[in-house]
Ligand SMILES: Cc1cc2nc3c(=O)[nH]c(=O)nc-3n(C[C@H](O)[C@H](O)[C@H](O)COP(=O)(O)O)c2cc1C
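One chain comes next, on its own, written as structure tokens: the form predicted alone.
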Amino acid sequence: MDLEAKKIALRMISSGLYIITCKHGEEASGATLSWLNQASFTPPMVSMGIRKESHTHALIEKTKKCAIHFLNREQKDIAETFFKPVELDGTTLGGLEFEIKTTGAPILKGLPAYIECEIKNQLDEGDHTIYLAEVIEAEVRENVPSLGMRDTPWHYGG
């Protein structure tokens, strides 16, 4: 296989940038997520890939719940903040205020939309776990174009 061609081809897959959050007891985590897809209409489901070595993965394994937040095209700085582990400080995560709603996952304020999910199934192959999650709650605060990987100079794939 031509490894350079494989890398380039896989990076051509359209990917958005999202923030995933989860909480278990006094622990919370948030991370930038780029591997997310709608997987079912009824029930509404998404699939996502989460790096197995991450704190977010560890908390999802404990709670089987998460929230996924959508970013607008002007919020690249937030995506960049959540590339690295973020700190929980009272009612802020990674410097963003949050509230707790249906799943117990932090719901970040100031972002255009979010969905709350319950994990229904998973596939543990490779360095990421692929989760299949049912969307159990959603809120759209502002209907704007979402931030995509192509809107940035970054790559996560290949």
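Note that residue numbering begins at 1 and tracks the sequence as displayed. Since the model is a prediction, treat every value here as computed from it, not as a measurement.
The following text describes the form predicted together with the named molecule, which does not appear among the structures shown.
- None of I115, I50, A133, I60 but one reaches within 4.5 angstroms of the named molecule in the predicted bound form through a heavy atom, and that residue is I50.
- The named molecule is not shown here, but in the predicted bound form it comes within 4.5 Å of a heavy atom of H128.
- Put simply, L17 is close to the named molecule in the predicted bound form: some heavy atom of it is within 4.5 Å.
- In the predicted bound form, no heavy atom of P106 sits within 4.5 Å of the named molecule.
- Although the partner is absent here, H155 sits close enough that one of its heavy atoms falls within 4.5 Å of the named molecule in the predicted bound form.
- Heavy atoms within 4.5 Å of the named molecule in the predicted bound form map, among the stretches 116-124, 39-47, 22-30, 63-71, onto 22-30 alone.
- Residues are counted as partner-facing when one of their heavy atoms sits within 4.5 Å of the named molecule in the predicted bound form; in 34-72 these are S34, W35, G49, I50, R51, S54, H55, T56, in sequence order.
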